[in-house]
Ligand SMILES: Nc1ncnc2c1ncn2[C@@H]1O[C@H](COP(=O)(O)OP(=O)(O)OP(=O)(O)O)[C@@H](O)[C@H]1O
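Shown next as structure tokens: one chain only, the form predicted on its own.
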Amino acid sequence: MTAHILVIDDDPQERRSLKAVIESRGHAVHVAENDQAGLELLRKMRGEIDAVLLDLKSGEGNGLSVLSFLDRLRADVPVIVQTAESGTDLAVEAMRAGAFDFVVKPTSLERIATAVSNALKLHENDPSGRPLKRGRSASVAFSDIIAASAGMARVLELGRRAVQSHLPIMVEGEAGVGKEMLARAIHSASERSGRPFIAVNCAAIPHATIEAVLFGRNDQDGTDEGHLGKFKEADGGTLFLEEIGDLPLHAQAKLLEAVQKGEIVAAGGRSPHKVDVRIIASTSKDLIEEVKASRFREDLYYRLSVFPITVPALRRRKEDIVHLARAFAERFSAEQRLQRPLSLGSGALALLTAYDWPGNVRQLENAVFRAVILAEGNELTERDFPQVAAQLPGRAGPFATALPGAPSSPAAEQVSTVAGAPFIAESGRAPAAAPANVAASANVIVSTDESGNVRKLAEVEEELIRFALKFYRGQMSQVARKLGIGRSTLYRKLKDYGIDPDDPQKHAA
């Protein structure tokens, strides 16, 4: 069956090459030279386009803004983004914004064709929407939120306490950690559960129309969709203001008035209207810094932050990864009507746990969804997560498996393992009793300094901790357990030795 692919790229030669390779696979290609032309073409061919190939550097913008418009026009169309090697961070942002895949240029046309094929396969298996749109049901209970880690257990405890009050809540945390899911759980457990839960992404709405979206327009004909405004839609229920830090200052002033007085004035109107709305706001920004920079009103900040809850990043709660991955695999297997849920092999679980997940739970969900869609066996393995494996150093080669991420420095500066345990030698020389498999370049912890004196215990301890962080890929619970110390003690020692707990492998041995 012929699929219709939209290519948005400002390079004529690139457009011709992409058109040729995609057409060679039997698909129809429609090209646009910039974002605006691409969106216009998508509007005209609404319902016909099966996938979009978008250059993040096309047109006057950086390409990210077009993702939100694509989402509004056709949320079910998978988008593959391309970016130059120097724009990898931009590609990660695009993945967080909902892109299906990204390709770093220069790359082979075969890689492009494969990405398109995978996107079409996804679309055939599930034409209802992108993976990032999944799992956001209108009703979410606290029991639906996985909290194997102490950090998330604390979040749920605060969430349950927040249910009992009517105070505004500020949910803080990086993009993709599950802030909206927590907000929905609070709403579902409250006395407002029978009333609407309305979510608004402040970052996705143009500044010129944000007031009308929130507070309504003073239209008389009633033909404009959503003219009542989100406050009126949420009357009696909960209004979730996502990414409140992106709200423009002119809208902040009206929001402050609405919070203080419990009434709103529609755009272009004069008469105030009473509304009964509980506000839950969320942000991935440091609002204190935004206040200092005069980008966010201080009085509004303190009005909304009466009950703050911080959701930790997934890299800070790696105990949750295994449970989340299994839950996603089970859910997506059921959605794909598989005879039995796909299981996750130990290698896949180790890979997923080792990764830091810059896109947090949302990125993990997306990765498992792709793996389930494209899986060929009954068990997900490392091979089903190639994008994750590609971003982890030392995944290839036999030595990487035995000693993940081990550096290649002289023996006097290295650490080695014998039968899985650290091997300590004197003055950088491998001891005569060392097993035969310890080569001349083996890693050792030096026990004496250049003068022949025994090194300070703190120095050896720091070196061992750094090695353990590298060996166990920053999995803090495992590092603490293997070292025989508590997590709080480990974090204190990291601070003493100047090791960043958010990025423990950065300066690891």
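When you see a residue number, it is the position in the sequence shown, counting from 1. Only a predicted model underlies this, so the values are computations on that prediction, with no experimental measurement involved.
The next section is about a form of this same protein that is not shown, the form predicted in complex with the ligand.
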_Partner contact for Ala175 in the predicted complex: the ligand, 4.5 angstroms, heavy atom_ = yes
_Heavy atom of Val361 within 4.5 Å of the ligand in the predicted complex_ = yes
*With the cut-off set at 4.5 Å between non-hydrogen atoms, does Glu290 touch the ligand in the predicted complex?*
no
*Report yes if any heavy atom of Phe369 sits within 4.5 Å of a heavy atom of the ligand in the predicted complex; otherwise report no.*
no
*Tell me, please, which stretch of 203 to 211, 374 to 382, 250 to 258, 143 to 151 lies within 4.5 angstroms of the ligand in the predicted complex when heavy atoms are compared?*
143 to 151
*Quick one: of Glu242, Glu319, Asp235, Asp356, which gets a non-hydrogen atom within 4.5 angstroms of the ligand in the predicted complex?*
Glu242
*Would you mind picking the one in Met181, Ile279, Ala389, Ala313 that has a heavy atom within 4.5 Å of the ligand in the predicted complex?*
Met181
*Residues of stretch 459 to 486 in contact with the ligand in the predicted complex (4.5 Å, non-hydrogen atom)*: none
